[in-house]
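As structure tokens, one chain now follows by itself in the form predicted on its own.
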Amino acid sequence: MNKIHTKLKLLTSDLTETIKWFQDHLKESEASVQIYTHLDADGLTSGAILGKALYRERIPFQISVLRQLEREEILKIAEKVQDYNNLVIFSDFGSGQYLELDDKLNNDNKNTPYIILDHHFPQNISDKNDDKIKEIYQNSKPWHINPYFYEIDGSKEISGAGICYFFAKALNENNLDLSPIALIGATGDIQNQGPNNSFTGLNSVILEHATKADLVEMVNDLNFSPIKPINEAIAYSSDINLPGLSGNTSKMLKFLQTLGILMENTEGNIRTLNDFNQEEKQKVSSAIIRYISLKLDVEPSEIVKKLIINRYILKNELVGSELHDLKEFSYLLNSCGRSNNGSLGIAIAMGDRKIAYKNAKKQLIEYKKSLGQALSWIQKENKIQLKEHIQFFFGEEVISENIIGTIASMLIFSKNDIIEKSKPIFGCAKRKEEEVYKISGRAHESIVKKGVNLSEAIREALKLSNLDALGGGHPPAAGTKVPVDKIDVFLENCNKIIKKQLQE
């Protein structure tokens, strides 16, 4: 038995105990199960998996989508539970706040039953090799499930939705059909980072479940959006850079036309990658390899690594829709959550293909527009500020806290030179009606490998800045909130800590 399946065996064993604990406490509660989940694609799929699983067991439930699980939210939850006596499940967050949850939900003679199904570092843990993880594991069984308890990397090998999937499968083996939803969550958290965009760790096990059940198909394809007009898909690719063509849809169209490929469909619209046959894709592929080889003097084999990827197709969804491709599906859900329409995303992930999907498609157009405007504004107005070891920007009136993390991620993964990939970036968005900034930190994988750990950096910076806020996440992506009058000292402390991490 390989290491992955050995770890899965232990996780499954613990989940069996968790399910028993859940069912025992369910008998004592007359109220519905209250699920709290995060607003991004991974959070929405996590909530949807749990909702679907409970619905099938005829267990009443409610799902609430939160932007963050902060102390103020935990207090509100504690008050609500006091009134209604709910059994609570936290998905895609909770580990980073488990001490706060224990304090607020189980003090003053209260004993609120709750479950945490999360993949972020547990509170006060910033490194997967920290021995305290074992202690937390022993002290929080069976109500706390986290991949780091099993030496599984929660930033790469499984997402919150994946943990919720294994919980649902432990509840009822028939929930194996929820495996594609877990993969959408993992894709939303950019965990398909193996060779050719493959999944690793427990995500690869979930993919195995989905493919064996004939729900997901993996195909080799060009690394472009399959549903955007082909010239737009290539011109705005974040992975493939064609000097003189990238960013210009008109020039890209002319380039493609020289290949002798029919560019318009019968309705007069530019064709998408989905419309191309294998011969046409081969022509496009060969032309791109030749072009980049000449312009950038890059070996064809290196170009192919980025150009040809594994694409994951949801076999029961309509070809050409946003739901047919894992990546496009996750993007649609993320747009729902980041636009304060998390309920739409959960409804779609639970199977609504009518009203919710129709409304979400409209929302997606506005969401894309807001992201494009934000990136353009950052570049044109030179909003990136630099310190010796970090860079940062303020959203001002343009970028809301709901999309500040998305923008930071897009900057890190973009192929342009708006930012320096050798420094982590911190996006700071002023929260409405509060004198605080929402902070979203992102670091390129190349500097994470050199020792940068944003989860640890943010927690240390909070302590050095005498701030009593919750913060953390993963080494490449983490966040917190900081009072407006403390933002300068916080960022300077981040700068010092990143310097220290790189030196060590």
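For every residue, the number given is its place in the sequence shown, counted from 1. Note that this is a predicted model, so its numbers are computed, not measured.
The following text describes the form predicted in complex with cytidine-5'-monophosphate, which does not appear among the structures shown.
Contact check at 4.5 Å (heavy atoms) against cytidine-5'-monophosphate in the model of the complex: all three of R442, G472 and A478 pass. Using a 4.5 Å cutoff between non-hydrogen atoms, Q68 counts as a contact of cytidine-5'-monophosphate in the model of the complex. Heavy atoms of Q97 reach within 4.5 Å of cytidine-5'-monophosphate in the model of the complex, making it an interface residue. Proximity of R338 to cytidine-5'-monophosphate in the model of the complex falls within the 4.5 Å heavy atom cutoff. In the model of the complex, H120 approaches cytidine-5'-monophosphate with a heavy atom inside 4.5 Å.
None of 24 to 32, 444 to 452, 54 to 62, 431 to 439 except one has non-hydrogen atoms within 4.5 angstroms of cytidine-5'-monophosphate in the model of the complex; the exception is 431 to 439.
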